[in-house]
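Shown next as structure tokens: one chain only, the form predicted on its own.
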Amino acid sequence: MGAITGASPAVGSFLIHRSNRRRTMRARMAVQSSNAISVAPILTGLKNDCATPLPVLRHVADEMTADMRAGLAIDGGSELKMILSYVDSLPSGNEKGLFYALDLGGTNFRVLRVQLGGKDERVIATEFEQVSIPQELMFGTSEELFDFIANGLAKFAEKEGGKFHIPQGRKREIGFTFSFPVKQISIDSGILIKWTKGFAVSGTAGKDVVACLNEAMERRGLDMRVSALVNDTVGTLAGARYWDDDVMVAVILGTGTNACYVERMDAIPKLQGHVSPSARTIINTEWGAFSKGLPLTKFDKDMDAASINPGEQIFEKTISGMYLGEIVRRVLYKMAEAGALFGDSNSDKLSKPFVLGTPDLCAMQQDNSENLEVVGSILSDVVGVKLYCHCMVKSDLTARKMVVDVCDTIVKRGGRLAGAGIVGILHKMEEDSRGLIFGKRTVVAMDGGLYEHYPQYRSYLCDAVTELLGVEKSKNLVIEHTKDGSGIGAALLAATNSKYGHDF
């Protein structure tokens, strides 16, 4: 004690300051440890509400199958629209010639050309360009938007050369991928129901979008015509089918989600008068609208109520990339408010809808560092939560682990429900054609950034499919990633529906 009494004021001050800092840190550790315990019931409740054991998955798959049948029986018969694509001829590999594709589905449009060489040469060459749509055109007139697109197409066509060539006297043909709500009335025509994705173009609703594009190309003097109007999921199936005859289903899991499949014409009761030479077609399910049997939480219901389309697209809101991050944000905000998960480091940012994206969840789940440094960085940079990173106290690590646990709970549910949806489609096909699906090799073509870039999501999806089908049936099923297949798929459908036939 004498040494301390005789110490200089500076040394004594230092020792007192260090002692105070230790007490403060111990207090913070105690508070955060207590906070972690107080939010544990929220996490437990979330896990229970999101649980997807086999009986739940079976119920979802069965409801998907039943809804598909109801939607095929009559328009409006179920939540699933089960839209006829009018794609009666799938790519065979025999297609030859030069074909174009235009993909309009957001604030950019993409143009692509492909030179096909038949069975022997397949795809000889491809080229593509992406063009940004000026924001004023998203709120302009129909004529202005389609004139801009036609101008972009014309500039792209002017660069045609090298391995790309078209026989003299022939019009260039294009497959048009149009990812907005359309009532399709033939392979090369469809009436726009409404604009979405931030577009508010006047003078297009109720009109044939193919006619709008064809007229714009004529005004521009562009020698080109649309021979196929396709949904992006249908284009994905066609693109994958070109390389593999066993492809029967295509699923997009990205910002949004959808699925389509090959259906027998005699299994579509609502279809009257339409005859297909191949006795089959592609059905666009629009499965994002499905909702039956899904294990939903208060956080899902609150997010849905606050959305621009409450009560709609429930399956999409549960499994797709646009919404997973927002569900997690809502859970973390509840934990921060009710249980002070992050201590006194509450953030206004965390209360902002959609501030946390699905790529952030993915990055946090890939964090293998001992102290979950990536998780801490994302919490700090993205949602403004500052934890005590400099000392890496145990309680800080506990909070980070809880955040990862929340991410995993929501992503696991999403992946497994997507797997159940796929099995529901396969069961419908198998019931109508015994042995067509499970008795031979069957391929499901997958596209979209969520499936491609999120390994945990992908793994949960595949595990659910295997659990539902069993090991033996699963051996014949191949879930195959097909990157960006919808563009070339649209060009291939332009080829299979060419007005010149296949007399190349």
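One rule holds for the numbers: they count along the sequence shown, beginning at 1. Here the rigid core means the biggest group of C-alpha atoms that line up within 1.5 Å when the two forms are laid on top of each other. Just so you know, these numbers come straight off a predicted model, no measurement behind them.
One more form of this protein, predicted together with beta-D-glucopyranose (BGC), exists but is not displayed; see below.
**Student:** Work out which of Q313, T204, N214, S78 lies within 4.5 Å of beta-D-glucopyranose (BGC) in the predicted complex, going by heavy atoms.
**Tutor:** Partner contact (heavy atom, 4.5 Å) among the options: Q313.
**Student:** Find the only residue in E286, E95, D188, E263 having a heavy atom within 4.5 Å of beta-D-glucopyranose (BGC) in the predicted complex.
**Tutor:** In short, E286.
**Student:** Answer yes or no: in the predicted complex, does beta-D-glucopyranose (BGC) come within 4.5 Å of a heavy atom in every one of K301, T318 and T358?
**Tutor:** No residue of the spot touches beta-D-glucopyranose (BGC) in the predicted complex.
**Student:** Against beta-D-glucopyranose (BGC) in the predicted complex, would S380 count as a contact residue? Criterion: heavy atoms within 4.5 Å.
**Tutor:** Looking in the predicted complex, residue contacts with beta-D-glucopyranose (BGC) do not include S380, since no heavy atom lies within 4.5 Å.
**Student:** My question is simply whether T236 lines the interface with beta-D-glucopyranose (BGC) in the predicted complex - judged by any non-hydrogen atom within 4.5 Å.
**Tutor:** So T236 does not count as contacting beta-D-glucopyranose (BGC).
**Student:** Using heavy atoms and a 4.5 Å limit, would one call V87 a contact residue for beta-D-glucopyranose (BGC) in the predicted complex?
**Tutor:** Taking the distances in the predicted complex, the answer for V87 is no, it never comes within 4.5 Å of beta-D-glucopyranose (BGC).
**Student:** For P295, is any heavy atom within 4.5 Å of beta-D-glucopyranose (BGC) in the predicted complex, or not?
**Tutor:** No, P295 is distant from the partner.
**Student:** Sort through 128-136, 113-121, 205-213, 180-188 and report the only stretch with a non-hydrogen atom within 4.5 Å of beta-D-glucopyranose (BGC) in the predicted complex.
**Tutor:** One stretch meets the cut-off, namely 180-188.
**Student:** Since the partner is left out here, which residues of 215-241 would have a heavy atom within 4.5 Å of beta-D-glucopyranose (BGC) in the predicted complex?
**Tutor:** Heavy-atom contacts to beta-D-glucopyranose (BGC) in the predicted complex: N231, D232, T233.
**Student:** Any CA movement of 2 Å or more for I193 between this form and the one not shown, core superposed?
**Tutor:** Indeed, I193 is displaced by 2 Å or more.
**Student:** Taking the rigid core as reference, does the Cα of N108 move 2 Å or more between this form and the one not shown?
**Tutor:** Yes; that C-alpha moves by at least 2 Å between this form and the one not shown.
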